[in-house]
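Okay, here we've got a single chain as structure tokens, the form predicted alone, with questions on binding and movement later.
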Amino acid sequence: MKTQEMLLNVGPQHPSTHGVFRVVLTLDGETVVNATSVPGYLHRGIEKLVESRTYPQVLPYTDRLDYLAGILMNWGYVHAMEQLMEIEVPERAEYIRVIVGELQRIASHLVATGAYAGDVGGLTGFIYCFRDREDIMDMIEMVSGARLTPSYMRIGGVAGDLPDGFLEKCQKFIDYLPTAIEEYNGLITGNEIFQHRTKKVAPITAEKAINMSLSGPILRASGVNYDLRKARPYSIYDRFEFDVPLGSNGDCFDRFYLRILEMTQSARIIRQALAKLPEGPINAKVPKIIKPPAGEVYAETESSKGIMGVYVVSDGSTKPYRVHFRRPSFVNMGHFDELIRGWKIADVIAILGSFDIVLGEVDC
């Protein structure tokens, strides 16, 4: 029997919205009839701010986009600038980028995995994942001096070489990771209550995922085999052997589990990069005052949440005329309002958590 519809605000001050995100639900009982997402509470105007900064000064702002995967955000920007300026990055720097970039990907997926366990009522899973993430944060601090906003990449290379003890610590971590993943699978993945909350909930078809321009784990959970590191390799990713995990149902469970599978593949890439790490310079010869030629460039990298695109327009001066970031969380959220219709309030939290958004990226 149909009841009187009511409006319910979820957020913006709510832990399960993964930041200051608000969605206005129209409910028939506990069933979502309609939904309107209201982003913008964290908007900082980064794209406008960087127009009054020099090109190197833009870099720290990229950390603040996906502040759970700052190095991958750095990489997207410097990759675009290196194309614009036709800079060849030294071999050692490319290997270091892959190592720390994949470590950052694992750290981001650990947040996604642990936070999702918390979203559906399993706080212990959250604690286990954050326990292991601390090891990665220690390594990122070793190379950059910071944990959350490393600003480690540089146009033409990286900020500094790998410090003493880093390689040993990194090797020890990737040797330990399979044991940690077994724990996650025993504690979270195989949990009957967790499976009941996530399996067959809010499936996204491959056709819909493509039509909505979804990317990253959300896209691959729907069975679409598209990962930029394989499809259009950048940096030196074509030198490594790794698989692209795919889901079959495109539901909340697949979106969750795909990130666990991707952690294994990231560790596989790191292991190969450590074995092949060459000696040599860590920075290309870049002018002290960076003034790219007038022109424009668009470059893409595969961040932990999907395709990170960076569009830069240069007028030949020391400051960009225009910078635009294609943020994967923002694009992926374009399907959220439609997806949650017909599901219960409790499912809304599980669906949002499966998207693994970060609001710094959504609002920019």
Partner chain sequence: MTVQTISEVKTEIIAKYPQIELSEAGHFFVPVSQLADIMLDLKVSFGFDFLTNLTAVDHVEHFNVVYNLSKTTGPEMLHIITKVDRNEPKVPSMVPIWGGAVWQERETYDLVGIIFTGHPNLKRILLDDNWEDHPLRRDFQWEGGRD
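As the structure is a prediction and not an experimental result, all values here were calculated from the model. Positions refer to the first chain, counted from 1.
Keep in mind that the form predicted together with the partner chain is not shown, yet the notes after this line are about it.
Interface residue among 211, 205, 171, 185, judged by heavy atoms within 4.5 Å of the partner chain in the predicted complex: 211.
Residue contact with the partner chain in the predicted complex: residue 61 places no heavy atom within 4.5 Å of it.
Contact check for residue 321: a heavy atom falls within 4.5 Å of the partner chain in the predicted complex. Contact between residue 307 and the partner chain in the predicted complex is found at the 4.5 Å heavy atom cutoff. The closest heavy atom approach of residue 316 to the partner chain in the predicted complex falls outside 4.5 Å. Contact check for 37, 219 and 311: all three have a heavy atom within 4.5 Å of the partner chain in the predicted complex. Contact with the partner chain in the predicted complex, defined as any heavy atom within 4.5 Å, is confined among 266-274, 228-236, 160-168, 246-254 to 228-236.
Using a 4.5 Å cut-off on any heavy atom, the residues of 285-310 that reach the partner chain in the predicted complex are, in sequence order, 296, 298, 300, 307.
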